[in-house]
Ligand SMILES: C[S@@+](CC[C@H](N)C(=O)[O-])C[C@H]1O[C@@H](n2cnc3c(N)ncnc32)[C@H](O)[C@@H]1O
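Next up is one chain by itself, shown in structure tokens, the form predicted alone.
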Amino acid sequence: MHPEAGQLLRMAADAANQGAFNQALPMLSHALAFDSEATAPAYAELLSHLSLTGWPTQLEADLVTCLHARTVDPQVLARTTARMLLVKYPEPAVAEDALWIAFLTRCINVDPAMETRLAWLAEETLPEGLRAALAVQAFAGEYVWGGEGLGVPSEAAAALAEERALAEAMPSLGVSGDAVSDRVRAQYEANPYPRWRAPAGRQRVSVAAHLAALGAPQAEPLAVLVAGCGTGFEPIDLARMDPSLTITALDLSGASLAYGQRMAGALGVQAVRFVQGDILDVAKLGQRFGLVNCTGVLHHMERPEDGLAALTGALEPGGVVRLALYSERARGWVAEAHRVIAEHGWDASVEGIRTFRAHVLALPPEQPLSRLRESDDFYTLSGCRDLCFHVREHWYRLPAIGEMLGAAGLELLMLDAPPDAQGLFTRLFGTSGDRRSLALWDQVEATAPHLFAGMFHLWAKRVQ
């Protein structure tokens, strides 16, 4: 890192920690000029938490730089960029400038007002460059707001053709005999999720060292199974974070796996083996793993406890499983969505999802379902289907998860709670409270039911 950029970053961090954002922003802007790749992550992190009410021209230029930086996931700036563009152009206008093009081609929109603007633009006569960029945006959102008339971008058409070829050649454990697994596979064959686009560069981290710090050291090189990998973000992210890992990525959907395999090739990641199959058939891999990562998956099985038992059987003695499961309390608003969808008879077709979204977008802000507008998943077809139209879903309280872990022969190592939950735990139980007690964590969640909206994340060890 450039030394002056480093000094400015430290000063900006001190200012931001004190709430002096007007001081922090120009410091970050100067640091960006010295070393854009090193500065962009800190700048993007600050911008993602700000509510913009003006349109500073330097900030616009800095946003464009951050959106194109290899060290930044541009999606974290989607809301900030959309709001800045709406401030810059308060009335609908055809504008072909660098910020518009960067937003349309690097982000997936997650702002309801911007969605209205995009739908308006799609009906206008546009300059060729803006039309091409808008086509990229419409495709990325899977035409959830329209835009089919813009056509499929040539790069996207080539990617789809590559994915079809990869899916046909995908190694497979064979056809699942589970009826719910078959329905879940059909959902993700039709709508691979998520269709992520441009991951940020990763700092190197030793996964084995992290497991040792949890009290579960593993032999190296560490073999990892990502069970229910979807479109491959997690296994690819792990491979980039720790190149020493050997990773198997397993999923029901060949279309999702093909997306991940294509992205791995584009990013130069070679340490991931993609395999199509059911978690219930994991023994067919013929391999034991030091770490099994299964986030956001088991709760979509007919009997999650059977899936967990199968994964435990694939662990080395003393091996670790990382799980993420839906909270019953935090998913109350999704339960309400399921009720409304059933009441109206909307199905998971394109038309059904669009009709449901129009209903939600028209709701006044005090209505519980209006919270869906805050979810990034609401703004793509596959995301909205996964969020509100899933074919099978279980929700949990923490004590029930503890019972499921025990029945599978697993010992809890840690509940990976967000900072606000950690702070509330300390306020309720002090620094001596047992942070491995799911009963205590259940009391914490009962006082703030939305703490675990991002799922419960747990680490557990196979009892030898």
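Bear in mind the structure is a predicted one, so any value in this text is a computation, not a measurement. One-based numbering along the sequence shown.
The protein also exists as the form predicted in complex with this ligand; that form is not presented, and the subsequent description refers to it.
Undergrad: Using a 4.5 Å heavy atom cut-off, which residue among 100, 193, 289, 378 comes into contact with this ligand in the model of the complex?
TA: The residue in contact is 193.
Undergrad: Using a 4.5 Å cut on heavy atoms, which of 274, 145, 188, 356 is close to this ligand in the model of the complex?
TA: Residue within 4.5 Å of the partner: 188.
Undergrad: Please check if residue 296 has a heavy atom lying within 4.5 Å of any heavy atom of this ligand in the model of the complex.
TA: Result yes; residue 296 sits at the interface with this ligand in the model of the complex.
Undergrad: Report yes if any heavy atom of residue 260 sits within 4.5 Å of a heavy atom of this ligand in the model of the complex; otherwise report no.
TA: So residue 260 does not count as contacting this ligand.
Undergrad: Quick check on residue 312: any heavy atom within 4.5 Å of this ligand in the model of the complex?
TA: The answer is no: residue 312 has no heavy atom within 4.5 Å of this ligand.
Undergrad: Does residue 80 reach this ligand in the model of the complex, with heavy atoms at most 4.5 Å apart?
TA: Outside the cut-off, so no.
Undergrad: Since the chain is shown here on its own, which stretch among 365-373, 130-138, 228-236, 108-116 would lie within 4.5 Å of this ligand in the model of the complex, judged by heavy atoms?
TA: Looking at the other structure, the answer is 228-236.
Undergrad: What residues in 146-183 sit within 4.5 Å of this ligand in the model of the complex, counting heavy atoms only?
TA: Heavy-atom contacts to this ligand in the model of the complex: only 181.
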